[in-house]
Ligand code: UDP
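The chain below stands alone and is given in structure tokens; this is the form predicted alone.
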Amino acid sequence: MRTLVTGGAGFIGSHLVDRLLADGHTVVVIDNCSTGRLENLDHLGKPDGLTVHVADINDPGIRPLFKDVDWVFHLAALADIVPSIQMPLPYHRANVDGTVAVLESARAANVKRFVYAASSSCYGIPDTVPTPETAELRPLYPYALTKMVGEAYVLHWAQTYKLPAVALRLFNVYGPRSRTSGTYGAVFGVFLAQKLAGHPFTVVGDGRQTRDFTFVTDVADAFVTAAAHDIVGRTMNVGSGKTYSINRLIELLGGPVVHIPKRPGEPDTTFADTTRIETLLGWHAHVGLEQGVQAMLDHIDYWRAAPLWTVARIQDATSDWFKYLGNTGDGV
């Protein structure tokens, strides 16, 4: 297949590119490198089947890149909670307007499959765990809202324009090449930089909260599996099949701990009900947390470029988090 990956120089996107090339497909990457890094593709060299375009998905000039494309994977987005609270308009432009622009380019090119990277953050603090796709959607900050709205556009294009599209709601993806940006965010990037620097891990609350940590190669496999099937107009959770405590993660990483205040708007548990994707696509995750964490440690030098988050820096960086999410109704 001729495939196109928006956000293909990002964390998940670059692993998806790896998988597509390994499967023998040709790949077109579009990435404006606002969060992605071209270095994430350096290990591939310059294969004949890969072309990379540094461009913004809202630029009308990208439309010719969709010509003769069979599969489109739309992963390009702005992520992280605090920046979305501070700068909601850029998030809307990237995650909503950008999604519509990619949908229209794909529709004009008559692509055979469109797979959207949705986010489990749309569930907010769910009433039910494991959380099914039928759970009420309660986005608590602009990033979650924009990803939810983007998903709604994808499903609407499938309904109205018969675009063969599906959406995958991703849960807590981790693995090599996860982001090292200057934004306080994903736990693995924070912890691995702290480990390299010999600093204690900053554990939120008592560390008993659990997360559905899903390894990135399993997520790439879910994207390819979804593209290869003919299911249309459906949303499916992508999770590991388990949920793991932060304390268990600390045990695997090894090191001292300092505790910081629990944050409003964060669920005690994220845990995907994956019944739908298992039933419709026959997909399930393969990589357990122990194996995945070891893979991270094997590539730990990657996080030497990541910022070191101390307690004071975290307190400063998350002040808007507490300010705006302090009344989310979660009892925190």
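All values reported here derive from a predicted model rather than from experimental measurement. For every residue, the number given is its place in the sequence shown, counted from 1.
Omitted from view is the form predicted in complex with uridine-5'-diphosphate, to which the following refers.
- Note on the partner interface in the model of the complex: the residue among L196, L252, V203, V82 having a heavy atom within 4.5 angstroms of uridine-5'-diphosphate is V203.
- Exactly one listed residue, out of V111, V224, A186, M236, brings a non-hydrogen atom to within 4.5 Å of uridine-5'-diphosphate in the model of the complex: A186.
- Heavy atoms within 4.5 Å of uridine-5'-diphosphate in the model of the complex are found in exactly one of 38 to 46, 274 to 282, 54 to 62, 261 to 269, that being 261 to 269.
- The closest heavy atom approach of I246 to uridine-5'-diphosphate in the model of the complex falls within 4.5 Å.
- Using a 4.5 angstroms limit between non-hydrogen atoms, R211 touches uridine-5'-diphosphate in the model of the complex.
- In the model of the complex, uridine-5'-diphosphate stays beyond 4.5 Å of every heavy atom belonging to Y91.
- Though the partner is left out of this view, W157 does not reach within 4.5 Å of uridine-5'-diphosphate in the model of the complex, counting heavy atoms only.
- Three-residue candidate spot F11, N32 and A305; no residue lies within 4.5 angstroms of uridine-5'-diphosphate in the model of the complex by any non-hydrogen atom.
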